[in-house]
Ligand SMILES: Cc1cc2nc3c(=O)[nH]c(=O)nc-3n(C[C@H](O)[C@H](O)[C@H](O)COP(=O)(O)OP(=O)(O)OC[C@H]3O[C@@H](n4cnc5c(N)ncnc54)[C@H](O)[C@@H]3O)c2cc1C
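Here we start with a single chain on its own, the form predicted on its own, put down as structure tokens.
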């Protein structure tokens, strides 16, 4: 077993760290967060260095990166800005990947090159007011009408929908089929008549709005069907392991950011005549943060490697999601304690990590659902 990153992986992390420290410093990210204003310039620059094409091949302007590279990129994006992660991840690692795997040649050629250049973004239209963890009971309905679908329904927690070009929407196309077999995926252009998007107020990552989407007799061309009719569940479950692994990487990146910030503060802040890192209570919190980050990274990369090899990894992906998200929360909590009163001050940045981490214990399937999956996989094995 080789636990060393390749030279290419090390270079990728270093280049991304340098890029984000230059283009997304704390004061800029905090300003966009405060003003609830999406940073189009940062997204465009991220696309220019190749971040938006990681999950599909060179034919469409991507790089077909391996899963470890994607995890490294996710870590660095999450460490820099949750708002960027909220816009970039659904587009680049879920919707674009789904399109690359299941879309028609025409869809790929029309959309993926523009995803790679940052010209097109997509929002995930999965969750509904009455369907969260149980995605097989979605109620949004699409009915065939000649060469089109007519879509009615409502989505919620559709992050980035107000500035996205498409909603990658999971809809019910066969109400008579079993719950898991009547779903399909449609690419719904956001500016189509009958699509109404309403931003919601939320705790963190305000620069990328999380939205409700109302679909009222929305006409969608038949060629916007992704994959086969009635095979939406296959697409969901094909992408889910990757999404859970990336959530683990997000937690790792947030934990790393909190650790870096707390360590720098503890080395500079003096109390009782010496830097607080020399006080055992603070040193032990830093040590626990480092243990969490390293453990999270190892379990996430292990799952990512299995995904790359085409191996069954539902157990490992779920573990990565649970451990990574909870490790990120623990690190942010300890970081708040180490910075003390300054942790509440926006200019120091720790409060932003603290706000951002909690989402990942919920998004991508709650950690309670993940534990159900882990237990079920253990019984199967």
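Numbering follows the first chain given and starts at 1. Predicted, not measured: the structure shown is a model, and the values here were computed from it.
FYI, the form predicted in complex with the named molecule isn't displayed, but the following is about it.
Comment: 127-135 is the region of 101-109, 127-135, 145-153, 178-186 lying near the named molecule in the model of the complex, near meaning a non-hydrogen atom within 4.5 Å. For a residue to qualify, one of its non-hydrogen atoms must sit within 4.5 Å of the named molecule in the model of the complex; none of 77, 293 and 302 qualifies. Contact with the named molecule in the model of the complex, defined as a heavy atom within 4.5 Å, holds for exactly one of 256, 140, 91, 159, namely 159. Between the options 202, 234, 114, 97, the residue in contact with the named molecule in the model of the complex by a heavy atom within 4.5 angstroms is 202.
The shortest heavy atom separation between residue 359 and the named molecule in the model of the complex is within 4.5 Å. Not displayed here, the named molecule is approached by residue 368 to within 4.5 Å at the level of heavy atoms in the model of the complex. Taking the partner from elsewhere, residue 15 is found to have every heavy atom lying beyond 4.5 Å of the named molecule in the model of the complex. Taking the partner from the other structure, the named molecule in the model of the complex has a heavy atom within 4.5 Å of a heavy atom of residue 210.
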